[in-house]
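Take a look at this one chain, the form predicted on its own, written out in structure tokens.
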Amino acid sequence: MRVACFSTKNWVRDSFEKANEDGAHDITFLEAGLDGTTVSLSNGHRAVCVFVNDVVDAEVLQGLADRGVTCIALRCAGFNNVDVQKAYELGITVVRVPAYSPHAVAEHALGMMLALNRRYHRAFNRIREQNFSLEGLLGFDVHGKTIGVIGTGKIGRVFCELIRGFGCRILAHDKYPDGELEEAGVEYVAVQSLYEESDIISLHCPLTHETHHMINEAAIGSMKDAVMILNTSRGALIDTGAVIDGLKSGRIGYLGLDVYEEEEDLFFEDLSDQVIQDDTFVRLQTFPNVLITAHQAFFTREAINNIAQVTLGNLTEVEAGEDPSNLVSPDMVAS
């Protein structure tokens, strides 16, 4: 199948070329992201391969359909950037990579938790300046704390398994409780109870209409003072304005973000010689108790190789006329 691969970085090209050694697919690698201004680059291709910040709305989908594109291959698990209903109406198949490495994301969340608590990032910078003072670096024992996990799919489940080793009480919230986690001692509770009782809250749920801005002013107001919030899922799970207010008041004591609601104009690019125009993001950077990484939680060798292999496998199934194993359907959006 002839595929236009948008938002290509060196690691994308390397992993896809390795997975496509047999030449089963003819891939055009494009540095540009997909949106209304670049949709014409799909000319002559039957499929497009896109990532988390590519724009695949109704207008772009119509442009793709007009150019003969019949498949959208997401090289990620989330599909909130795709108008799935419109794609279905246009006869465009949407496929995704539902699980590339849950360990990568869960381990990153755990790393952010430890770094925020013990302030590794701040200590590193101090030592480089020969400042060996411990003032301002006081942490707490994670042992014995209550950890709230929202979403216990593949990633949330691994995070629960990792955090169990710290001797914590684990609260979880999910529409579909995991029986094995329950047997292991994880307590499923209403989300409000999780907010009220947790010392640390880690988000591992998809972005839907129901979860959009679930961490908002009301939610934060019901949390413990100095709560730690970690988000390695989707930026729009968090109302950034409300979180900034929570940081200013002290209700939020620690914030770890690997995703950001308006990240499409920032993440995955080198902007070191530019002035950041997003005032909200710049404000977040001023807090000493905020740790931000640029959507790198997934970024391990194992994960990117799995992404390439599963994406090309999805395309092979579509080309063969098979029912795709990793199809994204409109009912998934509705749910």
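Since the model is a prediction, treat every value here as computed from it, not as a measurement. We number the residues from 1 along the sequence you see.
Below: the form predicted together with a small molecule, not depicted.
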**Message:** Under a 4.5 Å heavy atom criterion, is residue 154 part of the interface with the small molecule in the model of the complex?
**Reply:** yes
**Message:** Given that the small molecule is not shown alongside this chain, does residue 211 nevertheless sit within 4.5 Å of it in the model of the complex, heavy atom to heavy atom?
**Reply:** yes
**Request:** Would you please decide whether residue 175 lies within 4.5 angstroms of the small molecule in the model of the complex, comparing each non-hydrogen atom pair?
**Result:** yes
**Item:** the small molecule contact at residue 111 in the model of the complex, heavy atom, 4.5 Å
**Value:** no
**Proximity to the small molecule in the model of the complex (heavy atom, within 4.5 Å), stretch among 281-289, 32-40, 297-305, 65-73** = 297-305
**Prompt:** Which residue among 105, 170, 252, 230 has a heavy atom within 4.5 angstroms of the small molecule in the model of the complex?
**Reply:** 105
**Asked** Ok, 247, 160, 259, 200: which has a heavy atom sitting within 4.5 Å of the small molecule in the model of the complex?
**Response** 259
